Ligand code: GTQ
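Below sits a lone chain in structure tokens, taken as the form predicted alone.
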């Protein structure tokens, strides 16, 4: 794209240059000035677009998949949520993948591992479990669990009558973009779990105390599961002593209890509370975010478009998109779970943020 600005590519096309470009193409080469303005934009130009997936619309199809495809044949029976602008990499937003996975009662999936990091946010069902590196994690609705890069893991449903549905989040598009992905099936097909369930939570879940003499050198959190009860209690306690962020309300990050950093090197996760009738001011930042409505109802305005949401709806905010949130209930709080690529963005020193100032910090709605 030509821009008539000194310092930007602004070469006029000529017949001689056309012949020159053809000569370069024979050697798999091109002139930088023909693409420079596209590959070096003035500000982030994400291909992803703001998108919402309504759980009440997708749930019947997720349930149908449980009758159409055997878990052993699918590997993981999951319905991927694809951003209209990133169908090329099977992404929900940016280089983040998400899906809705279902497991029938008494069903289990085979053990495997991959270079991509993964996380789970449980939507419904009381029998959900996942085994990560031998630690059998029992999880329920609104619980959050991680499956870090390279760790053996498998999933199942111990319930007798109802299916389990949870949201998967992975950095598959990122790892594939780096040509660094691997996948391996466990040599024994299934892992042998330890004698004590949720051992990582029992060891590290206290939060205010750290096991004496315990060392941990891996780059992901030794705490693998984060229960909803403790998460919501932490939000309530924080709300008693803080006004929170003007852009996110009461927002807290799931962290590695050893370092205080993100739970995994490439993906972070947050839970935020919007108090009754609370509305936040708009801002934007580099980095992509996938949101899941854990509790309540409300709306978000993303690049001037309003998205009304309720429990278990999923929506995304692309990098550098203006966004703000509001709780539409005057009597009850609303909670948004989210995961993001912020750890990777920050590790590369690519973080940038801007605050919306017009209309008292709120975007006009298209």
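Just so it is clear, the model here is predicted, and its values are computed rather than measured. Residue numbers count along the first chain shown, from 1.
Keep in mind the form predicted together with 2,5-dihydroxybenzoic acid (GTQ) is missing from the figure; the text below concerns it.
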property: Partner contact for residue 143 in the model of the complex: 2,5-dihydroxybenzoic acid (GTQ), 4.5 angstroms, heavy atom; result: no
property: 4.5 Å heavy atom contact, residue 170 and 2,5-dihydroxybenzoic acid (GTQ) in the model of the complex; result: yes
property: Partner contact for residue 120 in the model of the complex: 2,5-dihydroxybenzoic acid (GTQ), 4.5 angstroms, heavy atom; result: yes
property: Partner proximity in the model of the complex: residue 275 to 2,5-dihydroxybenzoic acid (GTQ), non-hydrogen atom cutoff 4.5 Å; result: no
property: Single option in 284, 292, 153, 86 placed near 2,5-dihydroxybenzoic acid (GTQ) in the model of the complex, where near means a heavy atom within 4.5 Å; result: 153
property: 158, 234, 99, 258 - the one with a heavy atom within 4.5 Å of 2,5-dihydroxybenzoic acid (GTQ) in the model of the complex; result: 99
property: Which of 226 to 234, 76 to 84, 131 to 139, 240 to 248 lines the interface with 2,5-dihydroxybenzoic acid (GTQ) in the model of the complex (heavy atom within 4.5 Å); result: 76 to 84
